[in-house]
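Presented below, as structure tokens, is a lone chain in the form predicted on its own.
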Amino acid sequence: MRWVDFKESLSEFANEFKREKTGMLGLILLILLVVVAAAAPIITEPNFPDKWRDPQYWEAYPQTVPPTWYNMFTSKDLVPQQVYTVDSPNVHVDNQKRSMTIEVQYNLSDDYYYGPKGILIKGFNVTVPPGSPFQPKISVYLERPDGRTVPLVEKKPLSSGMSIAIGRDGNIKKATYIWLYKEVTGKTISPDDVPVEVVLIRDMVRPLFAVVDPSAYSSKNATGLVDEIISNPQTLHGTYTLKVTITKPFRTDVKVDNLHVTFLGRVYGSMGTDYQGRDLWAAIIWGSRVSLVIGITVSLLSTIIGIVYGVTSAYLGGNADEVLMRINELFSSIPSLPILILIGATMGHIPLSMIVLLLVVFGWMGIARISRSMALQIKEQTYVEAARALGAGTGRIIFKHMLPQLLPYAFAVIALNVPIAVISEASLSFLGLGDPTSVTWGQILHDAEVQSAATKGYWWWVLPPGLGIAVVGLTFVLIGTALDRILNPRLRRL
């Protein structure tokens, strides 16, 4: 084909594609997806997949909270995340020779339902002389607007890199319950008397920011009142003071230049967080990369293999055709999903490269059979017979004279097979057979399923990856249908 003819054919194809509204919509969606996937490090943050695998990186993020725009649909807002450092105006540090006091003021205004999801204090740098048996001790108290003080941590040995996690630490949960029980009943209980569900399940941060006056609640007995304050607290608004005191033994130094006090929000980011506090917005953006790469790679490779295999089988004919078709039927008869489940159970999980390979191995047979039937007609064309009479070899006839006739069919098949590959990868990951260290939409859905996100109402964890898979599938179906309508003469006449 001459270059002029190629340009004319390409221009004619572009004009016909522009008249296909569904195809243009699919093309616009594809461009948006490619731009978002390519700009993922800029839109979110670089090296996100490495951070995704590091639980400590997400220590300062709230766990399983909805996105910030969720407040638009509530009568009262949920508190956002707030981070304070030593340079913040509401942080006061009094550093003496043998002690240090850090006070952080936190205002809980009337606009919010509850207090923060938790409090995280970190950034201590401790220097202890070699051989010294003495460690600095840290105590943490929360001074409330009603004049009460909650002892959260008392004289705990302090070391560099240590963090105080109020709301996650079991001992702090016990201390909060003991304080609450004493405020309500006037009785003191030991840590062994604290119910197990308080440590494992209950949100013990809300009582810290709640009214504890019995007259504000309906329960009359002490135990019922404590449970009501924990499960349905009346929020105490006002200014709280988080007080941290550190005692320093002789020749011991404590620096707080990198101090970070984080009041964890009950909403976060554009898509909320999962059970480890990981940012789901960044995960959705980075997951689009994996889905596009896997979908396009699998579809392209399986289409190439299928077409070459089918055309070769049709051209060779005879016994070679019979053998090749029996091999095709053998692969077609293998149940791919049980095989993949068996491989995943044996290996623990399947790496993404292995998933691509397996989807290609089990994805070319149908394309090969259709290509063979089309190639049987092309084989009888006079220009193929002429090439054979002029002494052209088998490879030249297949690749130069027969395969180009199937390119229109190949383009449509590639586009239509991408959603199948994307859904297949997501299905394997959802079943727990995918790579748990990779950021994929299927892996996000798998984590949500394991944590029962759907039954617990964590919609922000389930809907976005599901919609992402649907949008990618819709994009390539629109493009593939338009290509098939343009390139398939039979459809064009309908």
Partner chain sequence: MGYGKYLVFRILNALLVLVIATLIMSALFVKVAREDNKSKLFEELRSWDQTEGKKIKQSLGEEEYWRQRAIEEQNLRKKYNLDKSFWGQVIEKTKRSLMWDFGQSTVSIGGTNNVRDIVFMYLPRSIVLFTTATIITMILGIYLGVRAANMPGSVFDRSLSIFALLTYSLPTWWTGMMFILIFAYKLGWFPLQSNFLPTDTILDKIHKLALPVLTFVFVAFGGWAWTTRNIMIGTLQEDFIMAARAKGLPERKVIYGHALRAAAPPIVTMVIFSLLGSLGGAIISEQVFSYPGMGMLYWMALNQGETNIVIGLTYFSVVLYLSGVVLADMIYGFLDPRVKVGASAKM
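Just so we're on the same page, rigid core means the largest C-alpha set that superposes within 1.5 Å between forms. Residue numbers count along the first chain shown, from 1. On a predicted model such as this, the values are computed, not experimentally measured, just so you know.
If you look for the form predicted in complex with the partner chain, you will not find it shown, but the lines that follow are about it.
Though the partner chain is absent from this view, in the model of the complex it lies within 4.5 Å of a heavy atom of just one residue from L200, I189, I339, A386, which is I339. Note on the partner interface in the model of the complex: the residue among R372, K248, K174, R278 having a heavy atom within 4.5 angstroms of the partner chain is R372. The shortest heavy atom separation between E449 and the partner chain in the model of the complex is within 4.5 Å. At a distance threshold of 4.5 angstroms between non-hydrogen atoms, N47 is out of contact with the partner chain in the model of the complex.
At the 4.5 Å threshold, heavy atoms of K155 stay clear of the partner chain in the model of the complex, well away from it. In the model of the complex, the partner chain stays beyond 4.5 Å of every heavy atom belonging to V65. In summary, the region of this chain contacting the partner chain in the model of the complex, judged by heavy atoms within 4.5 Å and restricted to 192-200, 214-222, 341-349, 296-304, corresponds to 341-349. Residues from 402-435 that approach the partner chain in the model of the complex with a non-hydrogen atom closer than or equal to 4.5 Å are L416, P419, I420, I423, A426, S427, F430, L431, in the order they occur in the chain. Core-superposed comparison between this form and the one not shown: CA of R369 displaced by 2 Å or more. Remark: with the core as the superposition reference, the CA shift of R388 between this form and the one not shown reaches 2 Å or more.
When two forms of a protein are overlaid on their rigid core, residues whose CA moves 2 Å or more are considered shifted, and M347 is one of them between this form and the one not shown.
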